[in-house]
Structure formats: C-alpha cells, structure tokens
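Starting off, we have a lone chain in the form predicted on its own, written out as structure tokens.
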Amino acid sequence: MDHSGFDVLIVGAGIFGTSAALELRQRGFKIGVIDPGPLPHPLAESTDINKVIRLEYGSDEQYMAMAEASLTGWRQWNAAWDEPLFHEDGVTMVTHQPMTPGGFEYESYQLALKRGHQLERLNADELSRRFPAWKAGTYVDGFYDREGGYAESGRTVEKLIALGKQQNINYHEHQTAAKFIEESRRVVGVETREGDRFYADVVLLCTGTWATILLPELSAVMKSTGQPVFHLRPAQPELFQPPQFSTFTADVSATGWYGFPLHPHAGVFKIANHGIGQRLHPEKDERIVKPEDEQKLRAMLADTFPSLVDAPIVYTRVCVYGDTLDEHFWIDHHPERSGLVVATGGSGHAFKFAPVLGSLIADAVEGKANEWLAKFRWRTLGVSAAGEEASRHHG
C-alpha cells in the first residue's frame, strides 16, 4: 500500500521522533510516523520506568543551558498534564576522592555555581547524615542539587504519542523501515519490510541505535553499546524514598553507576551502569545481562548501599545506546542525500532534553538558525573520539 501527502515522514517514535513530530505539527506540517511498534517500542532507549533529569554536564556550558531550558519545559508539562511524570527530588553526585579541577563532578559544580544554581556541598559525614542509605566513608566529596531528579520515561513517551494523535499526527505501527525510496537522487520516502511505501517531502530518520542499519555510513561515527539495568526490591524501602534519598551518580565518570529513588508505582530501586559497555548489533545480538554484570553490581552495593547487598533482583534489561563517538547528537540534513534529515546519536543522554529536542530538530528540518545546532552538525570523527572510559553523558 502507498501512503503519500506527508510534509515530513518521521522514521522512529522514540524521544527524538515523538518530540520532533509534535513540534513540526505545531508549525503546520502534515506529519507521518512509522515504527515497528508496539508504541512505545519495548527496546527503545527511553522505554523504561525512569531516566535522569539533571543540569550537570561538566564544563560544557551549552549542555547546561539546554538542560536549564528543558527543566523549565518539564515543569510546564507537569503543570499541564493530569499527572506529573517529572519528579523533582534532586540529584546527588558524589566521588570516592576529593573533587579536583578537570573532574566531571568538580567542573559540574563550578559551572552550576557560576550560572546561579544553589548546590549543597557534601563531605563524607554530611552525605551519610543527609542520605542514610549511603555507606559512611566510601564517598568523601560531592554535592546535592535540588533542581532535577527523574522522569517516568516510558510513560512520558506514551503521553507525547497520545498528544500527537490528538493533533492529527499519523502514527503507523508495525511498519519497519527497510530502505529509502529515491527519485532523481532525492529521498522521497521509505519502503517498509511489510511492503508498504510512505512518501513525503522530507524524511526524518530518528531511529537511535538502529540508524546505522538504514544508513551504514553512520557506522564510522556511531557505536551501539549494551548497558546493564537492574530493578531491585529493598528490604528497607524507606531508606530509598525522598527526601532522604534522591537520583544519584556514584563517581560516575570512573564507575558508570547511577540510579534512582524507590519508584512510586513499581516499588523498585533502579540502578544502571553507563560505562564502556558491550558492543552489540541492535537487531542481531541477544540482549542479556551477564553474571559478571550482577557480580559488579553486588560489589558496588556492598561498597555503597549495604542494605541492598542481598536485595532480590526483580527485573533486568540491557539498554542498547546508539551514541556518536563524541557523544553529541547528530542533527542535520544528509550532505549527499537530498530530502533526508538525520536526528540521532547521544541516545544515552537525550531523554532529559525532551522539551527542547523537538524545536532543535524542527529548526534543522526547516534550515532555521539555532545557536545550539552547530555542535550537532554532520561532521567527521576519528576513532580517538570514542574514548575508553565511562561516559560523562550517562542517563
């Protein structure tokens, strides 16, 4: 079956695609969205119970400015929606050693102060007094930022899709993009594995870790890595509830560990690791949390949250991130394929920017000036950009 008449056809209904669809629809475009489904897709990066919402990005002032604008947007969504999905319980960032210049936490702390944010500095004694679940003496420095927390990510995507349907965005589930349709060296649509054809003036690729399947040339600048996620059932749930517990990072640039307060609906403690990860093909490789992943988790808990050492694990998943080698988004027109715009990369940290992602992508589609887009343009990346340490763009 052929489907035509769209101004923009969006491939992928994750946080990139849904936010872009809403913004482009508000600008008057007729929008079609295709996705394998079900929606939200169970394997998408944003489909989980929560994701971190934070301001801190080391010394990167642009990301903090974007996070500030996003924070305003999250608060506005909370006020507009019948149920708040952003929980502003604060963010705790701590280190095993004193924070020093050049370190992620130190630079985040200094930049936040410079931009007028009020942070609570924490030493070892203050951390265990303020947040008693933390093992005394393990972490000796850090801070608490009352601005930020977490959002219920899967439910947020559901909400944005529902809003899109109310605004006559055409969502087509069970449609998996197989190849681009090109005429006179211009991309004019997408043919799906199911045999349907979708035509549009512009095709917008928002497929996250699956982007390299349709655009193999992105394999030179992107990597797909699996990161383990755990949901545990605490024996003392009160220790992990706000205000005596918050979203946290535990020396994250060195260890990759971060986590959340007890989930208000699921009643579980979620902790995840965004480190080097295991290279995975988004479709061919099995997504399994390995025994050594659990061993590393138990060691971390013994060192950090002793009451969770024997807590039962009720659910695990491997979240496969599609990150560029420099971990910045990739939002731009394809330089050699007219009619094609790509918005992907950085899926390991994109969700927190949901309130501003749509306008960023829409400006790229329309070719409008946007001071933030320069960082995300089509570019050449060397292998050295990949790094071999835990990501600073966790969560």
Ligand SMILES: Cc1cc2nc3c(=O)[nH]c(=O)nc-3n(C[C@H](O)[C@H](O)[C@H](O)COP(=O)(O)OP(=O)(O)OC[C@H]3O[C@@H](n4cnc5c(N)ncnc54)[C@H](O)[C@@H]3O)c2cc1C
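Here the structure is a predicted model, which means the values were calculated and not measured. Residue numbers here begin at 1 and follow the sequence given.
What comes next is about the form predicted in complex with this ligand, which is not displayed.
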task: Determine whether any heavy atom of residue 348 comes within 4.5 Å of a heavy atom of this ligand in the model of the complex, and answer yes or no.
output: yes
message: Please tell me whether any heavy atom belonging to residue 313 falls inside 4.5 Å of a heavy atom of this ligand, as the geometry stands in the model of the complex.
response: no
message: Contact with this ligand in the model of the complex for residue 9, defined as at least one heavy atom pair within 4.5 Å: yes or no?
response: no
query: Is residue 175 close enough to touch this ligand in the model of the complex, meaning at least one heavy atom pair within 4.5 Å?
result: yes
task: Name the residue from 169, 94, 320, 308 that puts a heavy atom within 4.5 Å of this ligand in the model of the complex.
output: 320
- prompt: Which one, 83 to 91, 232 to 240, 176 to 184, 129 to 137, holds residues whose non-hydrogen atoms are within 4.5 Å of this ligand in the model of the complex?
  reply: 176 to 184
- request: Please state whether every one of the three residues 36, 214 and 260 places a non-hydrogen atom within 4.5 angstroms of this ligand in the model of the complex.
  value: yes
- prompt: If you look in the model of the complex, which residues in 28 to 55 sit within 4.5 Å of this ligand (heavy atoms)?
  reply: 34, 35, 36, 41, 44, 45, 46, 51, 52
